[in-house]
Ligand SMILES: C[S@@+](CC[C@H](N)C(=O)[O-])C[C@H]1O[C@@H](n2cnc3c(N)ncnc32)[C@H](O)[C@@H]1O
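The chain below stands alone, shown as structure tokens; this is the form predicted alone.
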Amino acid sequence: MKINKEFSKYAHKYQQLNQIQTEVAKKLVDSLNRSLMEKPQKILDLGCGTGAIYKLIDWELEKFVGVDFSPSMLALHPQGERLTCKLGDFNDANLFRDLEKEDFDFIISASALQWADDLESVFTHIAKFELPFSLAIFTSGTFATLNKTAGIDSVIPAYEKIKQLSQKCLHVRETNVEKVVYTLEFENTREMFRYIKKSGVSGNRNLLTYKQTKKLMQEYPLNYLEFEVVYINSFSKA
């Protein structure tokens, strides 16, 4: 798939460019430390990338399975005796059927599920595990000003849609759905657009011609990009 190729293409630079994704991963792991009396020991990480979640876990684990559809990303993921990196696409129902046979006590996902072809289906599969979870998903509010200036629509779902599906399929309470907006400043628009291309955040790559991109760089009114993230968890906040 196209997004898979893009992530693989820039995998070696991803760790240098993923400031916002790192903040998202930190917030997810911090929420586990604040909200759970007992830390999960057998974790499934959907869309594990280069290992942002695994690197932040500071307690001993019995088992950690990281799933990602990019071989290049998995090649950069830490390795360990109790760690398994699994090549798989969460758009594939067969992946979940295989994972359901394994023993986990927690599901986590940071900055990945916005790429689901059918988020409702993915949420339904997650619900079948009947396990606590913590998910962070970028919404269409990401790059909102850029998309508006360029006159294009985001390819990832809106906050309200994600919230609705989380309540329908994951049966979470409204208080367990949180929206957070981050901003990332740049010295100039050229650096900004270089970041967009290589960071793996945007699904809008290659939608504009060179001429349209040049015009957008001239007309973009801000010195920062917006990132809107929805956090969904199945445990009560402390």
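The first residue of the shown sequence is 1; numbering continues from there. This structure is a prediction, so every number in the text was calculated from the model and none was measured.
The form predicted in complex with the named molecule exists for this protein as well; it is not shown, and the discussion that follows is about that form.
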Partner-proximal stretch of 140 to 148, 156 to 164, 111 to 119, 127 to 135 relative to the named molecule in the predicted complex, 4.5 angstroms, heavy atom:
111 to 119
Verify the contact flag for residue 40: yes if a non-hydrogen atom of it lies within 4.5 Å of a non-hydrogen atom of the named molecule in the predicted complex, no if not.
no
Whether residue 84 contacts the named molecule in the predicted complex should be assessed with a 4.5 Å heavy atom distance threshold; does it?
no
Within 4.5 Å, heavy atoms only: does residue 230 come near the named molecule in the predicted complex?
no
Can you tell me whether residue 66 touches the named molecule? I mean in the predicted complex, with a 4.5 angstroms heavy atom cut-off.
no
In the predicted complex: members of 70 to 94 within 4.5 Å of the named molecule, any heavy atom:
70, 73, 88, 89, 90, 91
